[in-house]
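Presented below, as structure tokens, is a lone chain in the form predicted alone.
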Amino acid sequence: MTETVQNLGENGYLVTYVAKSGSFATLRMYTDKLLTFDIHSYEVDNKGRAAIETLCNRLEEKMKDVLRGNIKRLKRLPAIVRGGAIDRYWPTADGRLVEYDIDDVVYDEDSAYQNIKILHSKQFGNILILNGDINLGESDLPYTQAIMGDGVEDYKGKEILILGGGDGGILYELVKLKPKMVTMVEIDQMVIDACCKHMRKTCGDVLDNLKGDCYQVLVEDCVPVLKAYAAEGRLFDYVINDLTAVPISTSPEEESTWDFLRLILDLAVKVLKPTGKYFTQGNCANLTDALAMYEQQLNKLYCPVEYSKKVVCVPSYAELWVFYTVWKK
């Protein structure tokens, strides 16, 4: 490899190594005794990756020898694979990068509203990803149970409204509980179709038809539907909001998202019976500022409400998630 050394004075040294193959490495020595070594290599098979792993092992041994045992701490990170046919890297809500065991792109299409991906994970089964956000994996029954009240609610003979829920998971679990009628309002038919075909462990057969004995699916924008229900005085025992998570940012550019969230909250409470309950997801438990801002919105509704919250581990999210129950005072 060709070696180039740059003396950065009080900022240490930068050494670059370039091979004829195009692979290269950078060695950065900082004045506070931090040393980093990065290798970039184009490898298309496991044999090439094994060779890099062997090289790293040899490098570690050489560093220990040259530095005469003065290494106080050594950390080696696994390779980040870029440009692969399958994207395995997805961020958590609080900004941590997770490498998933994705081995297949099951579905990848753009609808009029969003990009829809369904990727297969060895651990979590098929995972629905909308506009780059992980929505639900086939492993994520804890999510569905949490947003339905964790099994303590009696849905028999009740009228229920689901906002969103295009993956069919909530609807599938509800129809088992003998409700009077479940109305699901999902704007994107392509999400319904994709999940009906590729998320059967989550939705069962409920998305095969838009109407069943105790449910109906309306492929519409939920806002005008909610406004119409409020105007005609239609009330539900339960409203389950599976539309969107609480916005991560509390900065002004997110104000339109908060406006939408407040609108949904107000309309949902308007169509709740006096004894009814409103269930929704919040966000990652680490996003305390965003969650606090959401709770502030609950004090701005047209009528006083009370709420409780619960933290649940959702498998494919790789983080703890907050769920809310809201009811009229």
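Owing to the predicted nature of the structure, the values given are computational and were not obtained by experimental measurement. Residue numbers run from 1 along the displayed sequence.
What follows is about the form predicted in complex with a further copy of the same chain, which we do not show.
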**OP:** Let me know the one among Lys273, Arg262, His40, Arg58 whose heavy atoms come within 4.5 Å of a further copy of the same chain in the model of the complex, would you?
**Re:** His40
**OP:** Name the single residue among Ala231, Val152, Ala85, Ala112 that comes within 4.5 Å of a further copy of the same chain in the model of the complex, judging by heavy atoms.
**Re:** Ala85
Original post:
Looking in the model of the complex, any heavy atom of Ser308 within 4.5 Å of a further copy of the same chain?
Top reply: no
**OP:** With heavy atoms only and a cut-off of 4.5 Å, decide whether Val98 touches a further copy of the same chain in the model of the complex.
**Re:** yes
Subject >> 4.5 Å heavy atom contact, Ile80 and a further copy of the same chain in the model of the complex >> reply: yes
Original post:
Looking at the partner-bound form in the model of the complex, is Asp65 within 4.5 Å of a further copy of the same chain by any heavy atom?
Top reply: no
Original post:
For the chain seen here without its partner, which of 263-271, 296-304, 26-34, 50-58 has a heavy atom within 4.5 Å of a further copy of the same chain in the model of the complex?
Top reply: 26-34
